[in-house]
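Just one chain follows, in the form predicted on its own, and it is written as structure tokens.
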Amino acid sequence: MNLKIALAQTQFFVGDIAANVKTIVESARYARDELGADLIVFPELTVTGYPAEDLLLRRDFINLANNAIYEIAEQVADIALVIGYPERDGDKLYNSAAVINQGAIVTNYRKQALPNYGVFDEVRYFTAGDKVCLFEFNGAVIGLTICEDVWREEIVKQNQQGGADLLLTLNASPFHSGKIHLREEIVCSHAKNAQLPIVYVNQVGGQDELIFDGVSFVVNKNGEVVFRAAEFKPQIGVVEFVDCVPQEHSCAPLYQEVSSDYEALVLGVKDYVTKNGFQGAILGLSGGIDSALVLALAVDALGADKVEAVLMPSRYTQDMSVEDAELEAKALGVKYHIIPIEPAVTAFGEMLADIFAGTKKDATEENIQARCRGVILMAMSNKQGKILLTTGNKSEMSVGYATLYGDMAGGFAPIKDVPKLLVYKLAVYRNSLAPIIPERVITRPPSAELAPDQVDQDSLPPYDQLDPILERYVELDQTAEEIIAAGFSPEHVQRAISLVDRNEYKRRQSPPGIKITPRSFGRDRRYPITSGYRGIK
């Protein structure tokens, strides 16, 4: 038995069924004509894109998706296809995979394990299947699984016990830092235990907050990776099976975690901006490390000609901040403007003078500065059709160290899920490719520069203390007592947790941003705004 299987690590557009069908047909013909493949495997829910969310509740949308399977079968011959789609059967909807050969649907598999945690809501839409699906092709008995199925060892073994010679798994597995290694480890273990080769096909591309990294791979029955596709890039690869044994092929290297995180962020910015039809991106460039990193990401994602930076100094902005911001813009070759905000701040001060009479200056006046900047940036965004990128990081979003309708104003938040300490690592990594961020931006104490001699540490615990506390409280759900027992200062723990609990209302109003940690705000961590719960007793 000789069999060439193509892995279609492709990008699909959620909701655009016609475009997805076109991609499927073109990919299948390419795999057949250029690569000599006998069978091509596509990712999970290929026809609709993943996740289609509540589009799956629309009858007209599901009708189009089901009809698309027959349309594909009519257009492609001389190569078999395995395609993910939402299958309607009566009043039930299944997350299914259709096997198409010679213009007909040969068989159909319904996903058994429906994930309903983290970013996944599949129980909201789908009914679970209850049996394995095997089909014979070119002398091989082939089993099918879809994404979460292959994480369940019992489902893999069911296919092996049913007589499968190899297993195909269709996936839409989103990225987070370290996920690539975990994914391979699990699948390799299951393949070895079941003595069953596994072909793992994953989609690639950005979809709102989620990034799909690709990294499709093939594992032999000994649990060894014999083929690996590239990270974050569309690719159609072919692996030959001889007597059901996958032959050795090239294995694309895996990035180290920081570089992988960076590539994920670049892809997320690129796909969000381009898929939503923006002409480019604009951002406020302060001379601090957060905006410097976002500028680099935007340029790497879109090109310098599509990115515009705005420097908006106030009376509290240090000269070196303006100097460093100009250096960054010039190094990356972007157009930039300098628009001082003092006239706007003065005007607001005069307008509010009577109302504020007899009160002390506080965060109110600081926030007015940030909101003046927000108005300027949003005006430019509207006028030019460029999306406004915000520059807040996960540490700031966790504790509410941001201004509603000020620096939180914008359409997309590239580093919303990036803790501050990782911001520094990513900046150092980007400088290792080309030195575009001045060294003192990385080494100087971070500051919002909204008051004289202000630094973040005036209001927050040091980031080397804050970030680990936030990780334990936000991502691991540890209690204050557990965090303090791990050696952290009770004062810092109490301060951090109190801020996290109080600022859910702010986070709920922030723009969507790219998920790169195991648990992000929004899709992953969904806490009520109005709540009597407090992590600090």
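Here the structure is a predicted model, which means the values were calculated and not measured. Numbers for residues come from their place in the sequence shown, where the first is 1.
From this point on, the text means the form predicted together with a further copy of the same chain, which you will not see here.
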- prompt: Does the 4.5 Å heavy atom contact test between I146 and a further copy of the same chain in the model of the complex come out positive?
  reply: no
message: Is L55 near a further copy of the same chain? Define near as a heavy atom within 4.5 Å, in the model of the complex.
response: yes
query: So, in the model of the complex, is N382 in contact with a further copy of the same chain at a 4.5 angstroms heavy atom limit?
result: yes
query: Any of the heavy atoms of E34 lying within 4.5 Å of a further copy of the same chain in the model of the complex?
result: no
field: Every residue of D16, D121 and I376 near a further copy of the same chain in the model of the complex, heavy atom within 4.5 Å
entry: yes
- line: Note: a further copy of the same chain not shown here; in the model of the complex, the stretch from 344 to 352, 287 to 295, 394 to 402, 187 to 195 having heavy atoms within 4.5 Å of it is 344 to 352
- request: Using heavy atoms only and a 4.5 Å cut-off, determine which of N116, S459, Q102, N222 is in contact with a further copy of the same chain in the model of the complex.
  value: N116
statement: Within 353 to 381, the residues having any heavy atom within 4.5 Å of a further copy of the same chain in the model of the complex are I355, F356, T359, K360, K361, D362, T364, E365, N367, I368, R371, C372, V375, I376, M378, A379, M380
